[in-house]
Every structure is written in structure tokens, then in C-alpha cells.
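Only one chain is included here, represented as C-alpha cells and corresponding to the form predicted on its own.
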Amino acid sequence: MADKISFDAPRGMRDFYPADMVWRNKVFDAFKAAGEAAGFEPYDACVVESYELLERKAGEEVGEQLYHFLDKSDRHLALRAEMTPTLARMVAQRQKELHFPLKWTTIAQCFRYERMTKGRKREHYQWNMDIIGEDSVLAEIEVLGAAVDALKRMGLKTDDFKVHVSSRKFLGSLLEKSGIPAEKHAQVFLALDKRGKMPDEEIAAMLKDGGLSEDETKATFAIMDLKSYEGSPELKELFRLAGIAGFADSLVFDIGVIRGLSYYTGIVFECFDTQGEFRAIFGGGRYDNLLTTIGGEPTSAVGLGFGDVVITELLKSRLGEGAVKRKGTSIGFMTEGERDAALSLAMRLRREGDRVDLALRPQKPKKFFSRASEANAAKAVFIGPDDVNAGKARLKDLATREEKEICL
């Protein structure tokens, strides 16, 4: 006898039942609306890439987390762990034809084999916004402004989250002034990115293993206590422009924001909930050298990755189930005699632009209204024999319980 097949999704993967899709749509709708409002153009791409492309971009520990395989023609392929390498490939492919700067956005499903923790799966969707070919800090402002807009469209307020901002360029200059040579900066960035995830003693050991002396290690930790960005012209300009754009109150300077991946070159940022309950909501920064690593021509770029897992957990925690708006109309009927009238009304309302869920069989009123409420309908019409005879029924608002007549 064959073993019983498990009905569970593979470990780290997710199924989305209709109740889950309500939340996913709330998040995705905000992503799409904020991106469109800020003038970002949508794009998409294949989920499978060449392993060589992803490995070249990934670096550090991410290369070990790729889902990769040989196809039937012995091509080494992988599921994308993020969208940025694919974006770089697409831009490099048509770099002579495209008109820069580009403002592109997508919602991409990504896969990464790693240890699962709160807010981290092995599969997730990620909203990406990237501006390619613009050197000014206004590119960072456009990306950050759209991300803050999306959070507010989801129902969060400014005091629910803060975007922590720093600059790798600024941190690098501070390290050099402290006597730490540029060739050691990559190791410093990698170690400091672990801060908060492991004790400072282990961070210090990582710095020592990376070739830093005891004095250099002390100087590094001293820099991490810095509270002012006055020595960074680009950060001063970022905060000034954010003030004009109206979201400076959503930003805080945090020299400890590193972003571990080595391709970041300038301003970097990560967004966290203010209660410190969850992992980073989104992160990103300037990556001016990425295209050259895959063979493209030098081009400046700023990008952001905003996953769906953490934000969905945060929304459920802060807003509760009532945050998902009811929409559409449910229509039911008591006997087969009212079915035609129900169908006619449903089609009429659909032509008028309403979302209508039509019952497929006769039901008792209590069961119909219970199902309509579970389906998160905003309104409901239940048609009985007397309604058909009168040519009118009652349209009920399921939130306020108010009713009004509707012609059949």
C-alpha cells in the first residue's frame, strides 16, 4: 500500500485560501497603487534564471540559499531569490535601447532556502521599485516616498513604523578617518550587519578574524554610537527633500543600517515597526556597480525590496480583522422559483460595475446571510416568493444593517 500523501504545503512554502487572499490583495493593491501614483512602470520576468547570474550577484551566504538544479539539457538553473539580478540582466540586455532614467516596479515571487524564523519563509512575494540611471538623491526620495505611501494606504500611521537611513559611503569615510583602510571595509560592513542579531563580543571576533586590530575594532564600535549625519552631504539632502515631500517624520538616521550585501554603494535604508516586534518591513539602497558585475555598462541605481510576509503579520497585529474592507454584493434566493430573478439582478448589478456573488442553490435566510458575512460582502439581497411578486427586494448593508428597496 502506498504511503499517504501529505496535504501540507512543502516546508517554508504557503497556500493562499480565500481568507488569506483578502490580506494578500490588501497588500498588493497598496503596492500597485503607490507605484502607479509615483510613476513607476510595471515589468515582469521569468522565475527561473541561470545559476551563474544569481551566484554572481548573490555573494556571501545567499549563494548557499539558492534553489538550483540541472534541467534535462544539463543547464544549471535556479529559482530567483530576489528580483534585482533579473532586473540587471534585462537592463543590460537592452541598455542601448532604453531611455534613462528608468522607474520600474514589479511584485515578484522569490525562493530562498534558509532557516525559517518569525516573518521569514522559504517563499515570499516581494515588491520591487528601482530607479536606474539617476545619480541625484531625488531617486532615493521617489523610492522611499512610494514605500511610505504604500504603508499608509494599508492603514498604518506614521507612529507605527520608521525608516532607518544611513550611508555606506558616509560610514566608509568615517572608518577611513579612524585609520581603518578601505580594503577592510567590506569585512566591517559584513560584521556590523550582524549587530543586534548576535552579541557584540561575537561581532568583535568577526572583526578580528577579518584582520582588524584591537584599536581598529574599538574605533569601529565608537563610530556605531554616532547620532548625527551632519558630515554627510547626501544624507543632509535626503532629509531636506523628505521634508519637502512630506515624509521626513517617517525617517530616522541610524548609522547601524548596513545592508549586508556587498553591492550597496551609498544611501541604505531599512523600515521597522516602532514596537520592534517584527523583522525589517522593507530595505534597499543605492547600488551603482551592479550592472558592471554582470557585464553591463556602468549605471547608477537605487532599489527597494518590500516583502509580503512581515507586513501582513504587522497589519493583522495592528489593525485586526476589521481592517479588511467589505466589498461587493451577495444575492441569494429561497426556492427555485426565485432563481431567475436572482440571476437577472446579479447580471444587472455586474453590468453596473458591482462585484456580485450569486448563490448557486436555494438557501434559508439565516444560512445565506451567515455565508455573505463570512465572504466579507458589503451588501446582501435575499429574494423570496413575495419579493418576486412585488418586483422589489431589500438590499441590506451588512455593516450598518440598514435596508433599502431594490427593483428586480
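Owing to the predicted nature of the structure, the values given are computational and were not obtained by experimental measurement. For every residue, the number given is its place in the sequence shown, counted from 1.
FYI, the form predicted together with a small molecule isn't displayed, but the following is about it.
- Three-residue candidate spot Lys169, Gly231 and Ile258; no residue lies within 4.5 angstroms of the small molecule in the predicted complex by any non-hydrogen atom.
- Note on the interface: of 125-133, 153-161, 202-210, 178-186, the segment with non-hydrogen atoms within 4.5 angstroms of the small molecule in the predicted complex is 125-133.
- Although the partner is absent here, Lys121 lies within 4.5 Å of the small molecule in the predicted complex, judged by heavy atoms.
- The small molecule is not shown here, but in the predicted complex it comes within 4.5 Å of a heavy atom of Phe282.
- In the predicted complex, the small molecule sits within 4.5 Å of a heavy atom of Tyr263.
- The closest non-hydrogen atom of Gly307 lies within 4.5 Å of the small molecule in the predicted complex.
- Distance criterion of 4.5 Å from any heavy atom to the small molecule in the predicted complex singles out Thr84 from the list Thr105, Thr329, Thr220, Thr84.
- Residue-level contacts in the predicted complex: of Asp249, Glu321, Glu277, Glu114, one residue has a heavy atom within 4.5 Å of the small molecule, and it is Glu114.
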